[in-house]
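Taking the form predicted alone, here's one chain by itself in structure tokens.
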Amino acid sequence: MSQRQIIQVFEQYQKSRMQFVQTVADLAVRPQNIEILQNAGVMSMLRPLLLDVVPSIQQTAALALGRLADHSDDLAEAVVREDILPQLVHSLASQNRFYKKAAAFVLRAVAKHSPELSQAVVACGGVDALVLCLEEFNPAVKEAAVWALGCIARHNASLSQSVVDAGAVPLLVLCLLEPEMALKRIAASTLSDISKHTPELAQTVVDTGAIAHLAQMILNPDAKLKRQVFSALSQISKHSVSLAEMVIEAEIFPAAIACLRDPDEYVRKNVTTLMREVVKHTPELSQVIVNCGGMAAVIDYLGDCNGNLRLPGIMMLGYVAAHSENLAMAIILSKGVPQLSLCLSEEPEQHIKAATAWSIGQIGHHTPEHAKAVATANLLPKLLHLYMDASSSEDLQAKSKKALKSILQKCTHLPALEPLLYDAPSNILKHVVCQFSKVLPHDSKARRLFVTSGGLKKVQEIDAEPGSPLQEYINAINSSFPEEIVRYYSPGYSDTLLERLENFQPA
């Protein structure tokens, strides 16, 4: 065989390898091909090609593996079983930028599925190798590495700590300063994933000066970047008063509130989530948001969205109201109660109804004035219905019951209480009757209305156990009226009158 023929054989062999990896990479894009490729044993065929002498074959083999692993956890586990990860990690340090990008994609595709698969990436030195990629000049390599680190960090605190321990956080913060928008977004997202688990991890992010850099980007025109920025600030704020204060001190308010009018619904949701995480800590932090116009803006926001987009706003109002009478009254004056009433009626999801019931309870439980604001919005029958509805979840029933009881114990607006006399079960009824027993002895107009509306008659029909608190409350109500009126509305009194009529002998 001549030298020329030998060269042709090698060229044909190289061409075939290239054609093979390229075809597999293309086929792996379509989900319907995945099982066929897996059954054909394509993983073990691709593995030696990661060490091919031709760089483009190495890169395409890595790309094909990444696409396969990205498809399902079974295929990601196959990558681990084939012992492919150590090979990828080892070559990350020495190969060109195209290979590094593809290798980082494989690590990300494996890590995203579960903590166990992420741990496999950590165990083979993947995190350290990815952090080295953050020092690369090429932004595409950095982006691929940051994305992989985010997939590892998001699972739990231990994996997040491994990313921190490898020295990733300062380099991630530097990525925020890069001109490439995609790199900024994924860096902010990864900082959010690191911060979410514990106060200590969030503090590590804060200590690198991340808040100041994130704060500078809240008015960036790129919606996807703003989503991640507000998410990261939320995850930092949620852990403690001191971390929330540091976010406030970055002077992101009231500018952030303007983003509640952003065209992107997830920007609006994440801004609201940030406000929820800030206000939950203290009355003072709540007051800062209220003073910036944040509460009124959130109430308006609730009217412009639905579903889970409403949830952080609903909870934010509950946290604000829980802190003090004044803050709860500010929500009432800003027309927050009718808006929550709409949420309770409109939302089909039980967890959203439960959060709304909780927030209504936080507003109404302070004073009779607060309770009246809730009661006059016709919310007491709605809460009672949700509590008694067999189709309501346990959480919705519990939150509706707790809200109802806490409002009833303050409510002295009798017209709103009266319908509950007819529908409430005994454990709720006692709180309703208790309020009547407090008000009626001191209000002659209320006593007259109570008789003419049929309320007194209904109270006489209640079957209360002798000596029970409910019976005591009924006795207190009855003692507020002349004895003959109480007798007149008592069950069986008409029969007694008829009997007297029958026995009556005219003179």
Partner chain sequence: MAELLKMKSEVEEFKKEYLCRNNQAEENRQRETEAATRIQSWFRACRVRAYLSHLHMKAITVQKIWRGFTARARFRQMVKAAYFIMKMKFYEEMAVRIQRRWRGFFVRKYIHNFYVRKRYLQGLSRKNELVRRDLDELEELQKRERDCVEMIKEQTAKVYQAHRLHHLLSTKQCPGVFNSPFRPAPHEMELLLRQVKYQAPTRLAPKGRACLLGMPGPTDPSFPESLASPWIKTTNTCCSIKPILPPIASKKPQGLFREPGDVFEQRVCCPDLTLCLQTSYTHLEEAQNQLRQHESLRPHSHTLGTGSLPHHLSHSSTSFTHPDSVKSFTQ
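Since the model is a prediction, treat every value here as computed from it, not as a measurement. Positions refer to the first chain, counted from 1.
One more form of this protein exists, namely the form predicted together with the partner chain; it is left out here, but the text below deals with it.
Q: Taking the shortest heavy atom distance, is P115 within 4.5 Å of the partner chain in the predicted complex?
A: Output for P115 is no: heavy atoms all beyond 4.5 Å of the partner chain.
Q: Whether R261 contacts the partner chain in the predicted complex should be assessed with a 4.5 Å heavy atom distance threshold; does it?
A: Yes, R261 lies within 4.5 Å of the partner chain in the predicted complex.
Q: Applying a 4.5 Å heavy atom distance criterion, does S391 contact the partner chain in the predicted complex?
A: S391 lies outside the contact set for the partner chain.
Q: Heavy atom to heavy atom, is I299 within 4.5 Å of the partner chain in the predicted complex?
A: It does: once the partner chain is placed as it appears in the predicted complex, I299 has a heavy atom within 4.5 Å of it.
Q: If you check V290, M315, L159, L396 against the partner chain in the predicted complex, which one has a heavy atom within 4.5 Å?
A: By the 4.5 Å heavy-atom cutoff, the listed residue in contact is V290.
Q: Please identify the residue among L342, C305, L174, L333 with any heavy atom within 4.5 Å of the partner chain in the predicted complex.
A: Checking each option against the partner chain in the predicted complex, the one that comes within 4.5 Å is L333.
Q: For this chain shown on its own, do D74, A120 and E200 all sit within 4.5 Å of the partner chain in the predicted complex, going by heavy atoms?
A: The answer is no: none of the three residues contacts the partner (heavy atom, 4.5 Å cut-off).
Q: I need the one stretch from 409-417, 372-380, 321-329, 342-350 whose residues put non-hydrogen atoms within 4.5 angstroms of the partner chain in the predicted complex.
A: The contacting stretch here is 321-329.
Q: Relative to the partner chain in the predicted complex, which residues of 182-219 have a heavy atom no more than 4.5 Å away?
A: Sequence-ordered list has one entry, L219.
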